[in-house]
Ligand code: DMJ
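First comes one chain, alone, set out as structure tokens in the form predicted on its own.
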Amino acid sequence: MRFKKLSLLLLAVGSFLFSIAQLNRPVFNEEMKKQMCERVREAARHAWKGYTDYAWGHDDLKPLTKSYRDWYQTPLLMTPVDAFDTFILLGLTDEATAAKKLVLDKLNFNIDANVQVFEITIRLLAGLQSAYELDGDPRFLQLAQDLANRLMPAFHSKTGMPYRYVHLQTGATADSINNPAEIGTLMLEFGKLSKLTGDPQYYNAAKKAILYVYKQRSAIDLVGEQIDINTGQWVSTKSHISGYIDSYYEYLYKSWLLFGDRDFKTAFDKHQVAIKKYLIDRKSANGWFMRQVNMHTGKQIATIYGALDAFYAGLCAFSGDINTAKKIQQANYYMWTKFNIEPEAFNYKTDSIVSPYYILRPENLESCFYLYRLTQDRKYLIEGKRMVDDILLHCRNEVGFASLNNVKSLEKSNSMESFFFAETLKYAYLIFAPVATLDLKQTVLTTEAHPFKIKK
């Protein structure tokens, strides 16, 4: 009897302490969400005004010198294309109208330029198709198909995996040493174009490429960092979840969702088992970080983690593994708060910075968005607010938002890439916005956060 009473008492005390802990967690009500949404809208208006004042008709704003940067000799309007669907989702009608007019009046792909297939695809091909789905103007789709046709020669390799560069006028290709991310992160964009136009060539080429990477996986189901697209041989056998590999895994799962093609789900599931076995380091008290290993043996090579790796928590949450997602997001948030703002890379074992810069990356906010949407735990609202507050405080200048050379000194650098509009501001807004703003059951976000509608 005494034991039973003691158990009941302990249970009551535990319940009371849990209630106190919940009360101590700041309340995040609907009014606070609205305020955060308006702050992000204001930030988008501020950054866009800087672009229109000092970089109009060019690719990116250089906020410190009030000038512009073009990727190639002829501008490809990276910022207005990348920004358009963000303006639509944020309800910034005037900004969306101005971006649309600039794109439809000036964008031309018949230029003398040897372009990077991956970057052009995720920013421009994706942006134009999402613009078409949201706005309905057929000229967006016409531009998208013209661009895709100019990129298609990149797939003309011995394996079907694409070259990294292609000339937009001649179709000449360059650089046969590619990586899983740049090979695989074409599937949503080229596949969507086939669905919109009825022409299967785009889907077939992209699927052949991404599944060739999967076919070349190691015996323990990991992929390496670089591969020769003509021989299919791995050039770098380093395996991790960061740049060069990251969005290859992301696109396997999202292609399954968008197209219902089970080949992608099979590949994703196979890789997930290996990732969780070999790449996740569960030893840190600060959350689960992701290490670098040899793709053939799984042996640890390095304990380097960074801003790009932070996307994986969101992918885990989106694909149904909430527990793993929470543990990795704990590490992500530690990385952010430890150094004012997350560095590009740090050694989580020694707790020291490897690359100190921050270029307005979105991945930590992205994972925060997925976790809040799928758990409704308000701690992710609090985390999201902290990250947005830090960006608005430390990166803003009089004409836009600047990258940071060093997250400790907070010294600014002269760069505001288009993905700040496409991804960072979009995820910053969506964390706090009503669910109806973007329904994850009806939409897949590309790696550049362009929304594609799921059509069964």
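Throughout, we count residues from 1 along the sequence that is shown. The structure displayed is predicted, hence computed values, not measured ones.
One more form of this protein, predicted together with 1-deoxymannojirimycin, exists but is not displayed; see below.
Stretch 418 to 426 is the answer when you ask which of 50 to 58, 396 to 404, 418 to 426, 33 to 41 has residues with heavy atoms within 4.5 Å of 1-deoxymannojirimycin in the model of the complex. Checked against 1-deoxymannojirimycin in the model of the complex, the residues L308, I88, I322, L107 give one hit for a heavy atom within 4.5 Å, which is L308.
Checked against 1-deoxymannojirimycin in the model of the complex, the residues P180, P362, P75, P343 give one hit for a heavy atom within 4.5 Å, which is P362. Proximity of R123 to 1-deoxymannojirimycin in the model of the complex: non-hydrogen atoms within 4.5 Å are present. Contact annotation for W288: none of its heavy atoms lies within 4.5 Å of 1-deoxymannojirimycin in the model of the complex. Under a 4.5 angstroms non-hydrogen atom cutoff, 1-deoxymannojirimycin in the model of the complex has F118 among its neighbouring residues. Proximity of S255 to 1-deoxymannojirimycin in the model of the complex falls outside the 4.5 Å heavy atom cutoff.
Counting a residue when any of its non-hydrogen atoms is within 4.5 Å of 1-deoxymannojirimycin in the model of the complex, the hits in 440 to 455 run T447, E448.
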